[in-house]
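Starting off, we have a lone chain in the form predicted alone, written out as structure tokens.
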Amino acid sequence: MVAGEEVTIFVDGRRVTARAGEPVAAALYAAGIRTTRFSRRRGEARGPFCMVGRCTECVMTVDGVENVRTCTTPVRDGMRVETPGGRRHGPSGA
């Protein structure tokens, strides 16, 4: 796989086209997906904030590993990305 090559990842079962090597959070943003998790207390939608791995707003489950900072995790072909909390993205990506 060449960096920048078009690949497919799966976000809550939805096919998303991305570029190999780009951060997962950037690929989600480009696909119109803004929610990466939901707050524990109020269930509010949360999304990437710092984009450098400092905060935890972008944590998701990636290939079965929980609490992965998607802003610093490079895309690989066939990755499975899941929103914590069992909620799923609708067709609008919200």
Partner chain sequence: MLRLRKTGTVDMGRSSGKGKGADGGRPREGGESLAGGHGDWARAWEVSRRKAVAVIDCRQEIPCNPCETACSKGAIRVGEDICALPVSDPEACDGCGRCVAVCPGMAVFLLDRRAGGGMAAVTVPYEMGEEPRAGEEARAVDGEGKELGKGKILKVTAAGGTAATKLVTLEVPEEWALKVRGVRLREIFIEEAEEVEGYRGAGDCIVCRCEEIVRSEVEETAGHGFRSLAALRRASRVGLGYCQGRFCLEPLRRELAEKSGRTVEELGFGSPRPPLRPVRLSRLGGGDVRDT
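A quick note: this is a predicted structure, and the numbers were derived from the prediction, not measured. Residue numbers count along the first chain shown, from 1.
From this point on, the text means the form predicted together with its partner chain, which you will not see here.
Worksheet item: Taking heavy atoms and a 4.5 Å cut-off, does V11 contact its partner chain in the model of the complex?
Response: Flag for V11 set to no.
Discussion item. Although the partner isn't part of this model, could you tell me whether T17 comes within 4.5 Å of its partner chain in the model of the complex, counting any heavy atom of the residue?
Written reply: The answer is no: T17 has no heavy atom within 4.5 Å of its partner chain.
Worksheet item: Hey, in the model of the complex, does G78 get a heavy atom within 4.5 angstroms of its partner chain?
Response: Contact with its partner chain, no.
Worksheet item: Are any of the heavy atoms in A30 no more than 4.5 Å from a heavy atom of its partner chain in the model of the complex?
Response: No - in the model of the complex, heavy atoms of A30 and its partner chain never come within 4.5 Å of each other.
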